[in-house]
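Each of two forms of one protein chain follows alone as C-alpha cells, named structure 1 and structure 2.
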Structure 1
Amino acid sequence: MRKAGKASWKTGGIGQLMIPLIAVGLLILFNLIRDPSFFSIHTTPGNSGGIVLTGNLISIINGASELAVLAMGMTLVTAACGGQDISVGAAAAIAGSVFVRVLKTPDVITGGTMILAFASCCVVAMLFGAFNGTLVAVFRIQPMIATLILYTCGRSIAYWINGGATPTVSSPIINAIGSYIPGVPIPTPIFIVLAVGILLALVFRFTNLRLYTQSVGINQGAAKLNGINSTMIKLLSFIILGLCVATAGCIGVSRLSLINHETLLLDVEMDAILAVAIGGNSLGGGKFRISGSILGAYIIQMLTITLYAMKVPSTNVKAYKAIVIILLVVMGSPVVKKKIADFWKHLRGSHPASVGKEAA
C-alpha cells in the first residue's frame, strides 16, 4: 500500500505538478527578494462605487482569466487528440463579434439580452469547434494542420460579422462582467474562471469523460476494443473547447466594452499551449490534470507582470518570456524527468552499498 501510494504520487498526483509548483515558488521568491511589497494588496475606490482590491497579485489572477479558461479546453483537446488547436484566438474573435452583434440589436442591454448574446456566441463557437473536431476525428487530419484553416481566416470572419466596425457595447452589465460587480471587491473574471473549473470538475466527477479522454489519448486502438467511441470523444473535446473559447471571448470584450477583431486575444494560442505544457501535461496526449494547466496560465501571467514590474520594454517581454518558458518546458519534459528519476534511484541504490562497503 505504501509503495502504491508513492507510485501514484509520482505519476498522477503532486508529482505531475512538481515543475509548475517549483516555478511558482521561484517566481514568488524572486519577486519577494526584488521587491518585498510586490504581492501586497491594496483597497481603492471602484469606478461604480465601493471598495475594490488592487495590486500585482490581483492583476496576475485577473489578467490570466481568459488564458486559464482556454487552457482548460486546450487540455482536453491535447489529451484526446495528441495535438493542439491553434485557432482559439481567432475563434474567440468570432465569438466576441457574435456577442457584440446580438447586444447591439436592441436599444437597451438587459439581462435577457446578455443571456441571449452569450448563448449565441457559445453556439457559434461550438459549431466552429465541431468543424475542427470533424477534420481531426473523422478525416484524421493532424490537429495543428486542421485548425490552421480557422487560424488563417477566423479574424476575417469576425470582421465580416460586424461589417468591419469596432462597435462599443457600454452598459453596467458589461462593465460588471469585465471588471467588478458593484459591492464585490474581487474582479468578476476570477469568479468566471472558478465557475468554469467547478463545472468541468463536476463533469469529470459524475461522468466517465476523464477516463474516456485519457484512454483515447493513450491508445486509441485499445479504447475502441473496450467500446469507447474515440471519434465522439475527440469531437466532444473540441466542442468543450468551443465553450471555453466563447467564455474567454466574452470576458475579453467585456473588459474593453468593444470588439476589435484584430487584437482580441491576439497570440493567445501559443500561451494556451504553453500553459498546458508547463502544467505537466504531455503534449502527446493521454493523462492530464486541468489544475496543472490553470497553474501554467497563472505562471505565464506572473512572469509577464514580473517583467513589466522590472521595467523591461514591452518589445523585449516576449523574448524574456520565451527563455524562461523554454527552461520550464525542458525541465518538465519526459526525457529530463526520466534522467532525474534515474539519478535519484542511483543515489538511493548506491547509498546502502557504499555504507556496507565502508563497514566491511
Structure 2
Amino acid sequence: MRKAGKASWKTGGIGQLMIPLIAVGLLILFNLIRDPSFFSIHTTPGNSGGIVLTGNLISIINGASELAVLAMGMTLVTAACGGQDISVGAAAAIAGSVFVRVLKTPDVITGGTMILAFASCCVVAMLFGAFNGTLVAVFRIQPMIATLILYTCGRSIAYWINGGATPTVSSPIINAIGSYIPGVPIPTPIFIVLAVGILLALVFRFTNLRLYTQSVGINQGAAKLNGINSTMIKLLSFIILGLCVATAGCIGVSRLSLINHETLLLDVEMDAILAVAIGGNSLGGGKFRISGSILGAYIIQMLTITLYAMKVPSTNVKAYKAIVIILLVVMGSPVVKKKIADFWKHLRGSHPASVGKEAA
C-alpha cells in the first residue's frame, strides 16, 4: 500500500522520463554555452574509402552502442527479478572470446564464418545467462549475489578460452561491423542498436512479455496464481540479456579487432545499471520503460564525451561522472521532489484544489 500510495500514482506515462530528459537538455545547453561547435558534424574520408561523418554527436551515439544494448537487457532483468546482473562485462568478455576463437579457426574469414561465430557466441552467452537465470529463478538467489559468481570468474574464463593470449582478428567484415560499412557514412554500431531496439519492440508488440514481466516483478505470488510461470519469465529475461551481452561483446571486439579479456567493456555493468536507474526505472523491479534506459545510456556517454571535450584526463572522468550521477539521483529522489513541491506550495501560499473524491 505505501508503495502504491506514495510512488506509483506518479509513475507511468511520460513522467518517468522527466529526469533523463531534463538531464539531456541540461547537457546540451551546457555544451552549447561552453562551445557551440561541440555538436557540429564534419565529413571526413574514411579508412575504407568513401566519406564518413564524424563529430562529438556521432561519437556519443556510436560510443554508447554497447551500453545501450546492455541497458535494454538489464532493464528486463531488473523488472522481472528486482535485481541486477553485475556479470554482463565479464560475460561479454567470454562472448567476445568465443567470437574470436571461432573466427580464428579457419584461415579466411568469410560471411559464413561470421554468422557461425556470432551464433556460437550468442549460444554461449545465452547459456551463461541461463546459468545466472537458474540461480535466480529456481534457487531464489538475489540477482546481485548470483551474478557475483560470474563476475568473479568470467574474465578468467575468457582468458582461458583464449589460451592465455589476447589474439587479434583482422578482416574487412570485422571492420565493417566495428566502424563503417564502405559507402555508408554512419558507424555500423548505431544500426545494430537500432536493429536490437526494433527487434525488442516487435517482441513487445507480438508477445505478452511486458505484461508478464511487470506482473512477476511487482507481485510474483499473484502472477503465479494467474497462471504466469514466473520461473520461466525470470529465466527468459536473463536469456534475453545474454543475447544483448553477445551483441555488445561482438561490437566491442569488432571495434578494436582484438579481444582483451581484462579491458573489454570494463566496468560496463555499473554503467548499464546506472543507465537503467537514470532512465527512471525502479531498481526494485516492476514497471519499466526500455526507452528510459536507452536514454540513460546516451546520457552517460554524452557526459563522458563532454568531459573529454573539456580536456579532463580520462582517468579522472569517473570522479566528475560520480558528481553528475549524484546530482541526477538527488533530483529524482522522491524526498527531494516532495521538499521542492512543498516549497512551491509555500511560495504560492495556497493549497491547490484537489480533484479526486475517491478515498484511499
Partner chain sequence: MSLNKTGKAAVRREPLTDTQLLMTITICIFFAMYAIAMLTLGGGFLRPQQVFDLLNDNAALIIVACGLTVVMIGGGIDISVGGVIGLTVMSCVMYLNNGGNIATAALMAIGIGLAFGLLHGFLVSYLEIQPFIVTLAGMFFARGATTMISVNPQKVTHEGFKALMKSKIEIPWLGYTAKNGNLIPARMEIGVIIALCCVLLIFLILKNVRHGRNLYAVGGNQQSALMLGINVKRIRFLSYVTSGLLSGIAGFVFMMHTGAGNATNAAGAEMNAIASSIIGGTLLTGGVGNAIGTFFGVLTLTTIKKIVVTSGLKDPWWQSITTGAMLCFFILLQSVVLSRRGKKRSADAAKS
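Heads up, when I say rigid core I mean the largest set of C-alphas that superpose within 1.5 Å between the two forms. Residue 1 is the first residue of structure 1, and the numbers go on in sequence order from there. The shown structure was predicted, so the numbers you read here are calculated from the model rather than taken from an experiment.
Annotation: structure 2 represents the form predicted together with the partner chain, while structure 1 represents the other form. Once the cores line up, the CA of Ile22 ends up less than 2 angstroms apart between structures 1 and 2. A movement of the C-alpha atom of Pro334 reaching 2 angstroms or beyond is seen between structures 1 and 2 when the two forms are aligned on their rigid core. Comparing between structures 1 and 2 on a rigid core frame, one finds that Phe343 has its C-alpha moved by 6.6 Å.
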